[in-house]
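Here you get one chain, nothing else, as C-alpha coordinates; it is the form predicted alone.
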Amino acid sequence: MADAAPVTFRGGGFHPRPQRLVPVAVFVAVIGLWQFASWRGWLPALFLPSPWEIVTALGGMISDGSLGRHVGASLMRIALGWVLGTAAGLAIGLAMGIFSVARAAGLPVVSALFPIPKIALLPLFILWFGIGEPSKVATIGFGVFFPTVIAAYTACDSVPRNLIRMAQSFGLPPAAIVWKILVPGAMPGILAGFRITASIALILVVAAEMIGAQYGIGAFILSAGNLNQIDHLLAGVTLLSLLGLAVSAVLGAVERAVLRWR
(Lines give C-alpha, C1' and ligand atoms only; values in the text may rest on other atoms or scores of the structure.)
Protein backbone atom coordinates (compact mmCIF):
# COMPACT_ATOMS: atom_id res chain seq x y z
CA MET A 1 0.00 0.00 0.00
CA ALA A 2 1.40 3.33 -1.04
CA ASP A 3 2.21 5.82 1.65
CA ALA A 4 -0.57 8.36 2.19
CA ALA A 5 0.23 11.93 1.22
CA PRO A 6 0.84 14.19 4.23
CA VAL A 7 -2.05 16.43 5.16
CA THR A 8 -1.28 20.14 5.10
CA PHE A 9 -1.69 21.85 8.45
CA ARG A 10 -4.63 24.26 8.27
CA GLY A 11 -4.85 25.42 11.87
CA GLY A 12 -3.17 28.79 11.60
CA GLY A 13 -6.10 30.53 13.24
CA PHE A 14 -5.95 33.53 10.87
CA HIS A 15 -2.84 34.70 12.70
CA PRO A 16 -1.76 38.03 11.11
CA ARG A 17 1.76 37.97 9.75
CA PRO A 18 3.83 41.16 9.85
CA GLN A 19 4.25 42.83 6.46
CA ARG A 20 6.83 45.50 7.18
CA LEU A 21 7.54 46.52 3.60
CA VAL A 22 3.96 46.95 2.43
CA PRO A 23 3.12 50.08 4.51
CA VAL A 24 6.42 51.70 3.50
CA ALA A 25 5.81 50.90 -0.17
CA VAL A 26 2.29 52.32 -0.09
CA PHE A 27 3.47 55.48 1.68
CA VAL A 28 6.34 56.02 -0.77
CA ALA A 29 4.04 55.44 -3.75
CA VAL A 30 1.45 57.96 -2.55
CA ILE A 31 4.07 60.62 -1.82
CA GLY A 32 5.81 59.95 -5.13
CA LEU A 33 2.59 60.29 -7.13
CA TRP A 34 1.71 63.46 -5.25
CA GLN A 35 5.13 64.99 -5.95
CA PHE A 36 4.97 63.95 -9.61
CA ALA A 37 1.49 65.48 -10.05
CA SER A 38 2.70 68.73 -8.47
CA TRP A 39 5.79 68.78 -10.66
CA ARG A 40 3.63 68.29 -13.77
CA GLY A 41 1.35 71.13 -12.70
CA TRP A 42 -1.72 68.95 -12.23
CA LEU A 43 -2.05 70.08 -8.61
CA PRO A 44 -1.90 73.88 -8.20
CA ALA A 45 0.41 74.89 -5.35
CA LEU A 46 -2.17 77.43 -4.15
CA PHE A 47 -4.57 74.63 -3.22
CA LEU A 48 -2.28 71.65 -2.59
CA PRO A 49 1.46 72.29 -2.24
CA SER A 50 3.88 69.52 -3.11
CA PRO A 51 5.43 67.29 -0.44
CA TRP A 52 8.76 69.04 -0.96
CA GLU A 53 7.18 72.44 -0.18
CA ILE A 54 5.67 70.97 2.99
CA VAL A 55 9.04 69.55 4.03
CA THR A 56 10.61 72.95 3.34
CA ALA A 57 7.99 74.61 5.57
CA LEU A 58 8.75 72.08 8.32
CA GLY A 59 12.46 72.81 7.94
CA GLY A 60 11.75 76.51 8.39
CA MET A 61 9.80 75.77 11.57
CA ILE A 62 12.71 73.75 12.90
CA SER A 63 15.24 76.47 12.10
CA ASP A 64 13.27 79.29 13.75
CA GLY A 65 12.39 77.18 16.80
CA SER A 66 8.62 77.41 16.39
CA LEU A 67 8.24 73.65 15.85
CA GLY A 68 9.38 72.82 19.37
CA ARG A 69 7.16 75.47 20.96
CA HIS A 70 4.02 74.35 19.15
CA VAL A 71 4.57 70.61 19.55
CA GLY A 72 5.65 70.98 23.18
CA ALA A 73 2.54 72.99 24.08
CA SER A 74 0.23 70.46 22.41
CA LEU A 75 1.98 67.47 23.98
CA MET A 76 1.73 69.00 27.44
CA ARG A 77 -2.02 69.55 27.07
CA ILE A 78 -2.60 66.10 25.59
CA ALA A 79 -0.58 64.33 28.28
CA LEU A 80 -2.24 66.11 31.19
CA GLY A 81 -5.78 65.84 29.83
CA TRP A 82 -5.37 62.22 28.75
CA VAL A 83 -3.90 61.09 32.07
CA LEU A 84 -6.62 62.81 34.10
CA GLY A 85 -9.45 61.57 31.88
CA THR A 86 -8.05 58.04 31.68
CA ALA A 87 -7.50 57.74 35.44
CA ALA A 88 -11.04 58.87 36.22
CA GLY A 89 -12.51 56.77 33.40
CA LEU A 90 -10.72 53.60 34.52
CA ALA A 91 -11.87 54.06 38.11
CA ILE A 92 -15.51 54.55 37.10
CA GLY A 93 -15.44 51.96 34.31
CA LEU A 94 -13.93 49.21 36.44
CA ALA A 95 -16.38 50.01 39.23
CA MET A 96 -19.25 49.68 36.74
CA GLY A 97 -17.81 46.40 35.47
CA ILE A 98 -17.49 44.93 38.97
CA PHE A 99 -20.39 46.31 40.98
CA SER A 100 -24.00 46.09 39.80
CA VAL A 101 -25.02 49.17 41.78
CA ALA A 102 -22.27 51.27 40.19
CA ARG A 103 -23.34 50.11 36.72
CA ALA A 104 -27.00 50.84 37.39
CA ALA A 105 -26.13 54.33 38.61
CA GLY A 106 -23.43 55.18 36.07
CA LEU A 107 -24.72 53.72 32.81
CA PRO A 108 -27.62 56.18 32.34
CA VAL A 109 -25.32 59.14 33.03
CA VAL A 110 -22.66 57.88 30.62
CA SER A 111 -25.25 57.11 27.94
CA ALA A 112 -26.73 60.60 28.27
CA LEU A 113 -23.46 62.58 28.25
CA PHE A 114 -21.29 60.52 25.91
CA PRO A 115 -23.00 61.61 22.63
CA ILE A 116 -22.46 65.31 23.39
CA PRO A 117 -19.64 66.73 21.22
CA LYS A 118 -17.06 67.67 23.82
CA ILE A 119 -15.76 70.64 21.86
CA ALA A 120 -19.24 72.16 22.19
CA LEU A 121 -18.59 72.37 25.93
CA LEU A 122 -15.38 74.39 25.50
CA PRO A 123 -17.16 77.75 25.94
CA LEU A 124 -18.61 76.44 29.19
CA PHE A 125 -15.19 75.28 30.36
CA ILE A 126 -13.76 78.70 29.45
CA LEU A 127 -16.47 80.28 31.60
CA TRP A 128 -15.63 77.96 34.49
CA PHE A 129 -11.83 77.75 34.25
CA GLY A 130 -10.82 80.76 32.17
CA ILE A 131 -9.34 80.91 28.68
CA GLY A 132 -5.95 79.53 29.76
CA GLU A 133 -4.67 75.99 30.07
CA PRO A 134 -7.28 74.54 32.51
CA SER A 135 -10.15 74.88 30.03
CA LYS A 136 -8.18 73.12 27.28
CA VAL A 137 -7.06 70.33 29.61
CA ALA A 138 -10.63 69.94 30.89
CA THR A 139 -11.94 69.60 27.33
CA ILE A 140 -9.43 66.84 26.55
CA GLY A 141 -9.99 65.07 29.87
CA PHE A 142 -13.76 65.17 29.50
CA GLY A 143 -13.52 63.81 25.96
CA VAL A 144 -11.24 60.97 27.05
CA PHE A 145 -13.25 60.08 30.16
CA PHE A 146 -16.39 58.61 28.59
CA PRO A 147 -14.76 56.31 25.98
CA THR A 148 -12.48 55.02 28.74
CA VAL A 149 -15.46 54.25 30.96
CA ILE A 150 -17.20 52.36 28.16
CA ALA A 151 -14.04 50.46 27.18
CA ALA A 152 -13.35 49.47 30.79
CA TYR A 153 -16.74 48.13 31.74
CA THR A 154 -17.35 46.37 28.41
CA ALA A 155 -13.89 44.79 28.71
CA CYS A 156 -14.87 43.51 32.15
CA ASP A 157 -17.99 41.98 30.62
CA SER A 158 -15.86 40.17 28.03
CA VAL A 159 -13.92 38.22 30.68
CA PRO A 160 -15.21 34.60 30.65
CA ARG A 161 -17.44 34.05 33.66
CA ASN A 162 -16.32 30.45 34.03
CA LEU A 163 -12.87 31.70 35.06
CA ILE A 164 -14.41 33.85 37.78
CA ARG A 165 -16.65 31.00 38.97
CA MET A 166 -13.65 28.66 39.04
CA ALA A 167 -11.70 31.12 41.18
CA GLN A 168 -14.66 31.47 43.52
CA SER A 169 -14.97 27.70 43.82
CA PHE A 170 -11.31 27.54 44.91
CA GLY A 171 -12.01 30.13 47.60
CA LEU A 172 -10.04 33.06 46.15
CA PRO A 173 -10.91 36.35 47.89
CA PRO A 174 -12.72 38.97 45.79
CA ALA A 175 -9.70 41.29 45.64
CA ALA A 176 -7.52 38.48 44.24
CA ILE A 177 -10.17 37.63 41.64
CA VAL A 178 -10.27 41.24 40.51
CA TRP A 179 -6.50 41.75 40.22
CA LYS A 180 -5.52 38.27 38.99
CA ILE A 181 -8.41 37.40 36.68
CA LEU A 182 -10.72 40.31 35.92
CA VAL A 183 -8.19 43.08 35.29
CA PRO A 184 -5.76 40.95 33.19
CA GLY A 185 -8.67 39.53 31.21
CA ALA A 186 -10.06 43.01 30.58
CA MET A 187 -6.69 44.54 29.68
CA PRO A 188 -6.88 43.86 25.89
CA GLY A 189 -10.17 45.77 25.67
CA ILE A 190 -8.86 48.57 27.88
CA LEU A 191 -5.72 48.99 25.80
CA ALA A 192 -7.79 49.02 22.62
CA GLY A 193 -9.79 51.84 24.21
CA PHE A 194 -6.54 53.71 24.85
CA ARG A 195 -5.89 53.84 21.09
CA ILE A 196 -9.30 55.45 20.59
CA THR A 197 -8.92 57.95 23.42
CA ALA A 198 -5.44 58.96 22.24
CA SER A 199 -6.92 59.89 18.86
CA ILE A 200 -9.76 61.74 20.55
CA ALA A 201 -7.27 63.70 22.67
CA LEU A 202 -5.35 64.68 19.54
CA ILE A 203 -8.52 65.90 17.83
CA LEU A 204 -9.71 67.85 20.85
CA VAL A 205 -6.39 69.56 21.51
CA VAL A 206 -6.38 70.97 17.97
CA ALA A 207 -9.93 72.27 18.33
CA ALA A 208 -9.24 73.72 21.78
CA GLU A 209 -6.04 75.43 20.64
CA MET A 210 -7.89 77.21 17.88
CA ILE A 211 -9.66 79.23 20.58
CA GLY A 212 -7.43 81.50 22.59
CA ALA A 213 -4.05 79.72 22.35
CA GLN A 214 -0.79 81.37 21.36
CA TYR A 215 1.17 78.15 20.92
CA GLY A 216 0.11 74.68 19.86
CA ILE A 217 -0.39 72.81 16.61
CA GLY A 218 -4.04 73.89 16.42
CA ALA A 219 -3.13 77.55 16.90
CA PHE A 220 -0.42 77.23 14.24
CA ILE A 221 -2.83 75.64 11.73
CA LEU A 222 -5.44 78.34 12.36
CA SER A 223 -2.87 81.11 11.93
CA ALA A 224 -1.52 79.57 8.72
CA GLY A 225 -5.05 79.25 7.34
CA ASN A 226 -5.86 82.87 8.13
CA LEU A 227 -2.68 83.99 6.35
CA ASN A 228 -3.38 81.66 3.40
CA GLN A 229 -0.07 79.86 3.96
CA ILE A 230 -1.21 76.51 2.66
CA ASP A 231 2.24 74.94 2.85
CA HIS A 232 2.48 75.82 6.56
CA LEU A 233 -1.08 74.63 7.11
CA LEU A 234 -0.29 71.24 5.60
CA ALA A 235 2.96 71.18 7.56
CA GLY A 236 0.84 71.44 10.71
CA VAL A 237 -1.40 68.64 9.47
CA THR A 238 1.70 66.55 8.79
CA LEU A 239 2.83 67.18 12.36
CA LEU A 240 -0.51 65.85 13.59
CA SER A 241 -0.11 62.74 11.45
CA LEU A 242 3.43 62.14 12.73
CA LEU A 243 2.27 62.70 16.30
CA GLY A 244 -0.53 60.18 15.80
CA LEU A 245 1.94 57.63 14.41
CA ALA A 246 4.25 58.19 17.38
CA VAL A 247 1.42 57.72 19.87
CA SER A 248 0.30 54.56 18.06
CA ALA A 249 3.84 53.18 18.19
CA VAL A 250 4.09 53.87 21.92
CA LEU A 251 0.74 52.22 22.62
CA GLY A 252 1.75 49.26 20.47
CA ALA A 253 4.89 48.81 22.56
CA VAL A 254 2.82 49.03 25.74
CA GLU A 255 0.40 46.40 24.41
CA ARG A 256 3.22 44.02 23.56
CA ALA A 257 4.73 44.45 27.02
CA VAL A 258 1.48 44.19 28.99
CA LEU A 259 -0.12 41.44 26.89
CA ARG A 260 2.98 39.27 26.64
CA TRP A 261 0.97 36.40 28.12
CA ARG A 262 -1.15 36.22 24.97
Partner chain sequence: MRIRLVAALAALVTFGPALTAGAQEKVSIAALRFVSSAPIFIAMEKGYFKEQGLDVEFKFFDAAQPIAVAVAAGNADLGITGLTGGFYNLAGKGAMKIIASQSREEPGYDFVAYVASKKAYDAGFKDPGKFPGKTIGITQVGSTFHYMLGMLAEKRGFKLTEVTLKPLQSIANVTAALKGEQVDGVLLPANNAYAVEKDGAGKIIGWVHQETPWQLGALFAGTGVIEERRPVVEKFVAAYVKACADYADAFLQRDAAGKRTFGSKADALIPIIQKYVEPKPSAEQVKASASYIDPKGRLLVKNIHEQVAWYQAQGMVARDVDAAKILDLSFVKDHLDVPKR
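Computed from a predicted structure; not experimentally measured. Positions refer to the first chain, counted from 1.
What comes next is about the form predicted together with its partner chain, which is not displayed.
Residue contact check for residue 227: one or more of its heavy atoms lie within 4.5 Å of its partner chain in the model of the complex. Interface membership of residue 102, defined by any non-hydrogen atom within 4.5 Å of its partner chain in the model of the complex, is ruled out.
With a 4.5 Å cutoff on heavy atoms, residue 212 counts as touching its partner chain in the model of the complex.
Taking the partner from elsewhere, residue 46 is found to have a heavy atom lying within 4.5 Å of its partner chain in the model of the complex. Here is the short version: of 113, 131, 95, 84, the single residue with a heavy atom within 4.5 Å of its partner chain in the model of the complex is 131. For the options 237, 222, 196, 58, the residue carrying a heavy atom within 4.5 angstroms of its partner chain in the model of the complex is 222. Note that among 122 to 130, 139 to 147, 85 to 93, 103 to 111, the stretch whose heavy atoms approach its partner chain to within 4.5 Å in the model of the complex is 122 to 130.
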